[in-house]
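Next up is one chain by itself, shown in structure tokens, the form predicted on its own.
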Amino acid sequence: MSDLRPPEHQVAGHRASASKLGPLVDGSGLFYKPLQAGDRGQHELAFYEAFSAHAAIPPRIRDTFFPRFHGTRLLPSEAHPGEPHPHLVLDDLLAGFEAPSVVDIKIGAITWPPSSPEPYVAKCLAKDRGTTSVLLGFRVSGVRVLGPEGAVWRPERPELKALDTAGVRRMLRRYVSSVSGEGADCALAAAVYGGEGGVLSQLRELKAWFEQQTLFHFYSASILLCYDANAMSATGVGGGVRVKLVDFAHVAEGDGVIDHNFLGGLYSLIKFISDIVPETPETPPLGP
């Protein structure tokens, strides 16, 4: 396990360091997420165990949109020498990408489960009202885009927290742009967002499942949008675009009720991205 290291392309959450636990990857396609403190870690572990074995989950949904669960493993921690810490072992969702461009989008106008204590509700409510969660049903939590010649665009957390509706639209446009600096040409929008297998196609498939599923309510979960910038710039067509759900420490039982909170955010995100795709310049016709 000597090749364990923090993910180079992590865009949200705590980053592993000598003083702090954080996710690790091993280079073989596995991702190690430390169990969170209190009951959150055990809650997320219980979700993965239930979800991965649930007969009512369509295999297509489980395999396409959720990280595969490989159990848990005790790993040494620089933050707490001599005290191995339990980690969830999951698929590395960016494995195989040479130049991953990633955006983390937290879904839902409400980000706390019904059983939450009042101080936690107040904390979440303040954050939801202070960002676009309440207004739009989602907020952008992290972005990392690789541009030409290895240029990296990664807005800082304060900038993301301050986004308004226009700012969210700008972020989602720059995520599929090929230019450096402040511009946004949306040159990759058709390849990443549109077409068969693109982000919109996958989000709509996910939406169709959420319009029916009543097993779980996903509070404070995120959708990761991922593509390989090298593959897109080389081919100019879609392929290798991944849409994944992550972060399940606050999932609640559905009790036979549709998850309208998550579904509303999903509708809103689809609308925002749908508005971007037509802005892409059309490919010039072939011929003289």
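The model shown is predicted, which means the values in this text are computed figures rather than measured ones. For every residue, the number given is its place in the sequence shown, counted from 1.
Although it is not shown, the form predicted together with another copy of the chain is what the next lines describe.
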{"query": "Another copy of the chain: the contacting residue among 127, 169, 154, 73 in the predicted bound form [heavy atom, 4.5 Å]", "finding": "169"}
{"query": "Contact residue in the predicted bound form, chosen from 205, 91, 211, 164 - any heavy atom within 4.5 Å of another copy of the chain", "finding": "211"}
{"query": "Contact at 121, 136 and 260 by another copy of the chain in the predicted bound form, all three, heavy atom at most 4.5 Å", "finding": "yes"}
{"query": "Interface membership of residue 255, another copy of the chain in the predicted bound form, 4.5 Å heavy atom rule", "finding": "yes"}
{"query": "4.5 angstroms heavy atom contact with another copy of the chain in the predicted bound form for residue 112", "finding": "yes"}
{"query": "Interface membership of residue 178, another copy of the chain in the predicted bound form, 4.5 Å heavy atom rule", "finding": "no"}
{"query": "Partner proximity in the predicted bound form: residue 219 to another copy of the chain, non-hydrogen atom cutoff 4.5 Å", "finding": "yes"}
{"query": "Answer range among 155-163, 93-101, 112-120, 184-192 for contact with another copy of the chain, defined in the predicted bound form as heavy atoms within 4.5 Å", "finding": "112-120"}
